[in-house]
Structure formats: C-alpha cells, structure tokens
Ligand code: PSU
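Presented as structure tokens, the chain that follows is alone, the form predicted on its own.
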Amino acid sequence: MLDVAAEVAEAIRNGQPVVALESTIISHGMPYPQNVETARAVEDEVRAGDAVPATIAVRGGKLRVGLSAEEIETLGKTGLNAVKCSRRDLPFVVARKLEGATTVASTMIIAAKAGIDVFATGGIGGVHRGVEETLDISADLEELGRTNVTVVCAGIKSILDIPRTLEYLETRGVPVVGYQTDTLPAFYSQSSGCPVDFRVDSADELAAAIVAKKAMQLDGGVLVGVPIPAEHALDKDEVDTLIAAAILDMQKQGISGKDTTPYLLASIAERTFGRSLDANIKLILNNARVAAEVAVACAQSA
C-alpha cells in the first residue's frame, strides 16, 4: 500500500537527505490557490537546502509519498472535501480509495514506513483548551511518543493549551528542542514563554542527538521548535485575545473534534485581515529551510 515516488525512493536508497511534508495544510489549512502556491514554495525551499521534498497524502488506496505538481493542484482544489486523516482514519480511507490529506500524526506514520527521518510542518496539535471538560487531545502527541521521526515546526499551535501539551510530551518521553531559542515558539509568535528541554544552535548539534537517540533504539519522535522570523511574527497578546474570542464563537456553534483547528485558524485569519495567514506561510517556509539543514546534517552523520 506504500507508493513512493521514484525521486524520493532513489534518494532514500542512496542515503540522501529527504524531508517529509504533510498535506492537511493544503486541503484544510489554507484557501485555494494560496494552498497550492505555498505547497510548491515549501518544496522549493527544501530543494534549495539540498534535500528532496516528499509531500505525503492518501490517493487511490495508496499511501503516497512524494506528490507530483498535478497531484498537489488536485488536492488543493479538493480542499475540505478531502478526508483529514489521522492514525484512526488511514485504514478506512485506504480501503475506500478516498482522497485523504495527512495530519502530523499520519504523516509521521507514513514517513517512518518509507524510511524518512525528518518532517517539516507548521505547528503540531496538542492538548486543547478546556480539556478538563472535552478530553480533546491531539493524536499528534501519541504519535510523537511512539514514531521515530523528527518534527520541525513553529511549536504548538497557539490556539491550544501549550503548558499542558508540554506536560503530556514529557510524560511520553518526547524531547522538546528549541532551535536557536530557549523558549518554545507559539506558532504566530516567537515565544510562548515556556522553556524547552534543550536548546541547539545548529543543525549539526541537533543531528548528533538524533543519531545518538537512534543508536540507543529509543522509540519516539523529537519535537523541534523554530521561531517564526521576527519580521513576520504577530504580537502574542493580540493573538491570545483573538483566540479567546474565536473559541467562544466555536463553542456557541457546537464545533468540536477534528473541525476545531481548521475553524479556529480560519477565524483568526479573518479577524487579523489575513495577517495570520501570511505569518502561517512565512513560518512554514522557514521550518522547511531548517528541516532541510537538519536532514542534510543527519545524512552526513549516518
């Protein structure tokens, strides 16, 4: 059921650096055509860093690793009609040969099956605000606790409960690393104010720890937080105020589960008159650049 594009398969066989990329950001994260333009720009950023991009999705009953330009265009136009696939969804989406876009969790699963160690995304899911009433905790956290993939992101999405998410990751034994920062980024903002477990200042330093973890056969991922560039960051207090208002509206509408994140991101984009969407694009491109550097350093250390 694993369908790996020829370019990606050759790179994996030859030990060349490869960076996995998710597809939910294409289908659910942004409107068309910005989603397609961003997906292509992210792949270009990975290539500019001397690594091979592998955008992942579910297509025609196959776990597709490495989408063509035409496939990215199709997924971008399909948009919200694509199934948002986490671990629990994969068997049914594959069996029914549906069009599926992969979340952080399912991208990690498929990347690991293909032999890809580094994955770039925007931000990860986590413990939702109000978890004491909803028990809403993203499957991304469980996957980070079990699947051997390094996830390069701009931290935990700021719509979530970041301190509780970090507690959950600690319980699952996931190292939270700050890339040239002592605090975890908060997606749109450079810092959440929460300290990371470890700081690294170069891709080589991070690669050494990843190689050591692999040698010790310690299962689970590594979460790497990369701050959004300062010139594109949003003010944390402004974002927190907007999120609180968006959550109230969401609760009034009875929105829950996997629809929560797309709704909140769209609501914040509307309330910031598109500034949050621009920040989202800029941070993803920055994460792709860093992920390529990490993948190259890991390949050289292997």
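Bear in mind the structure is a predicted one, so any value in this text is a computation, not a measurement. Sequential numbering from 1, following the sequence displayed.
Keep in mind that the form predicted in complex with the named molecule is not shown, yet the notes after this line are about it.
- Heavy atoms of no residue among 185, 228 and 287 are located within 4.5 Å of the named molecule in the predicted bound form.
- Only one listed stretch (218-226, 192-200, 73-81, 98-106) carries heavy atoms within 4.5 Å of the named molecule in the predicted bound form, and that stretch is 98-106.
- Site annotation in the predicted bound form: the residue of 236, 40, 258, 271 reaching within 4.5 Å of the named molecule with a heavy atom is 258.
- Residue 66 falls outside the set of residues with a heavy atom inside 4.5 Å of the named molecule in the predicted bound form.
- The named molecule in the predicted bound form comes within 4.5 Å of no heavy atom belonging to residue 209.
- Taking the partner from elsewhere, residue 140 is found to have a heavy atom lying within 4.5 Å of the named molecule in the predicted bound form.
- The named molecule in the predicted bound form comes within 4.5 Å of a heavy atom belonging to residue 125.
- In the predicted bound form, the named molecule lies within 4.5 angstroms of at least one heavy atom of each of the following residues of 1-38: 22, 24, 25, 29, in sequence order.
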